[in-house]
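Next come structure tokens for two forms of one protein chain, structure 1 first, structure 2 second.
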Structure 1
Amino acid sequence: MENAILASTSTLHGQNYLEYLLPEITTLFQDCSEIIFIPFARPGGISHQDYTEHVQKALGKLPFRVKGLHEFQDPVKALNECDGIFTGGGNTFLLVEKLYRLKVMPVLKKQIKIGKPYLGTSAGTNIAGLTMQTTNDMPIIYPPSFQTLGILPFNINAHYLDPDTNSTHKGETRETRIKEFHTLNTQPVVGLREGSWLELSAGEIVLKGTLSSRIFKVDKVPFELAPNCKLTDLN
């Protein structure tokens, strides 16, 4: 049974990295002595090791160690044997391509399904959905498949933004993009705003944070779901 935190973002305006999630992270990994960080979503400009050290610094006061998956010669064994897992943000296409190339996508899914604590932020949350097709990221690399973990019975649009009624910009909004997705796909999409996260525990999926999420279904008017409401049966 899943035990996970799936957050829209890692960092809120005016805060440090993961700061707003620290109480939830402390509870999620309370029985862990070591967790594995998956750093593969971050494009060039910061190495996997630098990204891992950034996480280690942010979580340094918590009672567990953090090691990057890139440090292990056998990533499958590492994921099977670790106490908990954190997948960070970046580019979802890059992350998914690497997970498939390392042949760890099914391993990651199995470990989350059996209850190993999992934290995802941004791209690490996008991959929890049925597919990665509602990411905001540019396709900088072509993964073998858009299918992802399927831990959730729907898709996620992390960093969801509402239309700015005062803007003169005439380009597509997030809502427009998601409606385009629904002309060819049927699964619901949850627009997860900054500072919101999904908590998976005891067989339930619950929206957490102080903001509502926008829910999109095929041929339905989008609607708002309030904090602390369940999304378990969203289909």
Structure 2
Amino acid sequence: MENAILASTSTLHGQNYLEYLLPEITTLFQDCSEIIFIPFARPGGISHQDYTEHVQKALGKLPFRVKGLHEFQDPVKALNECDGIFTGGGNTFLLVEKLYRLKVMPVLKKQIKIGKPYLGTSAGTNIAGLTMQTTNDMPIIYPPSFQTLGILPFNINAHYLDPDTNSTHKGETRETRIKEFHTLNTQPVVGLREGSWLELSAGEIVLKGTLSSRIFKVDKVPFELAPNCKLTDLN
């Protein structure tokens, strides 16, 4: 049974990296002495090592060690044997391509399914969905598939943004993009605003944080889901 926190963003405006999530991270990884960080999404092109050190610093006061998955000769063994896993944000295409290339996608899925504590932020949350097809990221690399972990029975749109009614920009809104997704795909999409996260525990998926989420279902008018509501049976 899954034990996971899937957050829209790692960072809130005016706060430090992961600051608003520290209480949840402390609880999630309370039984861990060492967790593995998956740095492959490389936000802004940062190196695996620099990204891992950034996380080590942010979580430095918590009572567990953090190691980067890139440090291990055998990433499959490392994920099987570690106490907990955190996948950071950045570019979802880059993350997914690397997870397939290292052949760790099924391992990661299995470890989360059997209840190993998992934290995802942004791209690390996108990959928990059925596919990565509702990412906002640029396709900077061609992954062998858009299928992802399927821990959730729906897709995620992280950093969800409401249409800016004052904008004169003619690029498509997030809502229009998701509508286009639904002309070809049937799974629901959860528009997860910054500051929201999904908590997976005791067999349930619950929306946490103070904001509502916007839910998109094929051929339905989008609607708002309030904090602390369940999404377990959304699909």
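Shifts are known only where both forms have a C-alpha. Note that the structure is predicted; figures quoted are calculated from it, not measured. Here, residue number means position along structure 1's sequence, counting from 1. Rigid core (definition): largest C-alpha set, two forms, superposition within 1.5 Å.
Novice: Look at both copies of the chain and name the one that is the form predicted on its own.
Specialist: Of the two, structure 1 is the form predicted on its own.
Novice: After superposing the rigid core, is the C-alpha displacement of Gly60 2 Å or more between structure 1 and structure 2?
Specialist: No.
Novice: Using a rigid core superposition, assess whether Gly203 undergoes a CA shift of 2 Å or more between structure 1 and structure 2.
Specialist: Where the cores coincide, Gly203 shows only a C-alpha shift between structure 1 and structure 2 that is less than 2 Å.
Novice: Core superposed, what is the CA shift for Pro43 between structure 1 and structure 2, in angstrom?
Specialist: C-alpha shift for Pro43: 5.4 Å.
Novice: Core fitted, what stretches of 3+ consecutive residues have C-alphas moving by 2 Å or more between structure 1 and structure 2?
Specialist: The run that moves is 43-45, and no other.
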